[in-house]
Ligand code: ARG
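Take a look at this single chain, the form predicted alone, given in structure tokens.
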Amino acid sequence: MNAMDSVTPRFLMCDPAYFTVEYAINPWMKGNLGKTDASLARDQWAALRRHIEEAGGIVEVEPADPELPDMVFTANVAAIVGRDALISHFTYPQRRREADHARQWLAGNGFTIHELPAGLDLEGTGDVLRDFQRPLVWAGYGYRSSLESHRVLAEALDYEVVTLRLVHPKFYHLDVCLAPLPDGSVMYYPPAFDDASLAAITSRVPESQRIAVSEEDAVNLACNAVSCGNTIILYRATPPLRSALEARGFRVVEVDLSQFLLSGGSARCMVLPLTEPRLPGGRAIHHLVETTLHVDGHLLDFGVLARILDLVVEQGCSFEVQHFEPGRRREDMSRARLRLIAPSTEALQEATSRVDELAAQFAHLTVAVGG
């Protein structure tokens, strides 16, 4: 089924000894503080490990840190292709020390370690998923990973990065709404993405290989599945989804992971794949573009600058305020220089066009692109 069948899948898992929901950093966690059952969570984790091993996978286990209750979600600590590992930097401080454990474990097991520049977030294979049949990784942004990190990702892993924007807060990581499968199929939940990202998926994955999951499957985190050989391990699948997977030759295994869904995670969140073979033809490619925006005018009146930044973000772009010079008196002009980063040329053009439309509403406002 898979060109990489000869490679025995290996996964890193973390002992669930200290797993609990003690803070809320995603919509799933709200309302679930203190509701986990430690004994049941351990049994569910052990069942997931058993199913992976029965499917032919090898599971390595690292010890837990009592101060890091989310360390059980090892998927988030690094992005890996071949023997290159880009260590994560987490958006929320509660999880940042998990990266220290990952760095130590991966370096000690022969991986080449790469680091993110200061100021960028990227949450490992939570937002970076290697395609099994195409020499690329699918990379999400919008909630927990920085758009700009995708440039670093391409260089560190020497692989093409296809950028996908997440727009549904409940699907805050890519691995809870998209799953590349060993036969080249891609399982995904379309409402989790913007139109440009859906176009990026459909342009690369033929219709016969696209599995659009239902809302019921999406909220049961069916896309958060572990692929091991011809076995797909997940929390729950509706009969139509099971049939779609079985028609492709997969064996579907359901495992109760209800304790971990309280925290917004499921099967795939709890494993870091260590065998991510580098396919032929892979090279460092990203599709980000950027420009400089010079804005002069009464930028603080009517929240003009804030409106400009909102327009940029609405188009899926990010920004960096490189210079801001406020007027000393109310009648004085302010000046700003913004660096805009976009996932594509089309997104950048749309963002600057929207800013031009806003500028046309104010006689005092001038906008220049580039330079």
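From 1 onward, residues are counted along the sequence shown. From a predicted model like this one, the values you see are computed outputs, not experimental measurements.
The discussion below concerns the form predicted together with the ligand, not included here.
K.L.:
Just to confirm, Asp175 within 4.5 Å of the ligand in the predicted bound form by heavy atoms?
P.N.:
The answer is yes: Asp175 has a heavy atom within 4.5 Å of the ligand.
K.L.:
Would Gly264 sit within 4.5 Å of the ligand in the predicted bound form, counting heavy atoms only?
P.N.:
Yes - in the predicted bound form, heavy atoms of Gly264 and the ligand come within 4.5 Å of each other.
K.L.:
How about Asn26 - does it come within 4.5 Å of the ligand in the predicted bound form, if we only consider non-hydrogen atoms?
P.N.:
So Asn26 counts as contacting the ligand.
K.L.:
Using a 4.5 angstroms cut-off on non-hydrogen atoms, would Arg165 count as touching the ligand in the predicted bound form?
P.N.:
Arg165 lies outside the contact set for the ligand.
K.L.:
Heavy atoms within 4.5 Å of the ligand in the predicted bound form: which stretch in 70-78, 200-208, 280-288, 111-119 meets that?
P.N.:
Of the stretches listed, the one contacting the partner is 70-78.
K.L.:
Every residue in Arg95, Arg144 and Cys269 with a non-hydrogen atom within 4.5 Å of the ligand in the predicted bound form?
P.N.:
Result yes, every residue of the spot touches the ligand.
K.L.:
Within 124-141, which residues come within 4.5 Å of the ligand in the predicted bound form, counting heavy atoms only?
P.N.:
Residue within 4.5 Å: Gly126, and no other.
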